[in-house]
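One chain follows as structure tokens, the form predicted on its own.
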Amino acid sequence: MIGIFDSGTGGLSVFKEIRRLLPEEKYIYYSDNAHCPYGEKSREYIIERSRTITKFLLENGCDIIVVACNTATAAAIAALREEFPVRFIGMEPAVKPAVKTTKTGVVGVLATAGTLKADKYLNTRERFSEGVRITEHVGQGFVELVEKGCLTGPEAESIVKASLKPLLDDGADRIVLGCTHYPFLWETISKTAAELYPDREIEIIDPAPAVARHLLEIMKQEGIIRNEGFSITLHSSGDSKILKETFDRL
């Protein structure tokens, strides 16, 4: 069984890509929305929440766990790997493919504050920047939009524009989504980018498909692909209404 967790509903964007490759597996998804967002919380707090959720997933039969949250990956995955005898798959902002395809020489990264200041992201940026300029901005209010189901319309467009415009003004033509909540705002991000810079070819890059491919390879190596028929159980530390509504829209 595959366990997936996130600070909220955002990890469902990763689940969607995983299910494309592993359609006949059983899943447990845990939304920690009572403690969302993680972006401004301390590393110690996030580790403790991740530890608690991992114990829950293992107790319910999971034999591999996807930390479908960039902030939790950055803060907690190393500690989880030390403490628990199970494979963990984490998130990493897709800086490498963005750097390889940019035409302006500028890559924009939208992420939470926790991700942008974490050693994991900073090391990734250092390894793959290859002379390309990386410009960054916190997606201020993005997680909150997704958690209340406000994905399009004037409010979403206003909030997205405030964080996206500085990256585009800086010359970015590749926008890396460094939070699993952000793909749910893809339509609004795309629309806003096109309105701000209609003559620039802007590509939005989501790391979830690469994470799904990595999970598939690890499960093959471990011999834990079951193909026993699809099922998913949704759990939430808070109100489950938005989680269920988001899942139904996938």
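Predicted model only: the values in this text are computed from it and were never measured. Residue numbers run from 1 along the displayed sequence.
Not pictured, yet referred to below: the form predicted in complex with a small molecule.
Engineer: Whether Ala76 contacts the small molecule in the model of the complex should be assessed with a 4.5 Å heavy atom distance threshold; does it?
Structural biologist: Ala76: no, not in contact with the small molecule in the model of the complex.
Engineer: Classify Pro37 as contacting or not contacting the small molecule in the model of the complex by the rule of any non-hydrogen atom within 4.5 angstroms, answering yes or no.
Structural biologist: Judged by the heavy-atom cut-off of 4.5 Å, Pro37 is in contact with the small molecule in the model of the complex.
Engineer: Taking the small molecule as it sits in the model of the complex, is Val109 in contact with it (heavy atom to heavy atom, 4.5 Å or less)?
Structural biologist: Although the small molecule is absent here, Val109 would stay clear of it in the model of the complex, with no heavy atoms inside 4.5 Å.
Engineer: For Val143, is any heavy atom within 4.5 Å of the small molecule in the model of the complex, or not?
Structural biologist: Yes, Val143 lies within 4.5 Å of the small molecule in the model of the complex.
Engineer: Work out which of the listed stretches, 51 to 59, 65 to 73, 221 to 229, 186 to 194, brings a heavy atom within 4.5 angstroms of the small molecule in the model of the complex.
Structural biologist: Of the options, only 65 to 73 has residues within 4.5 Å of the partner.
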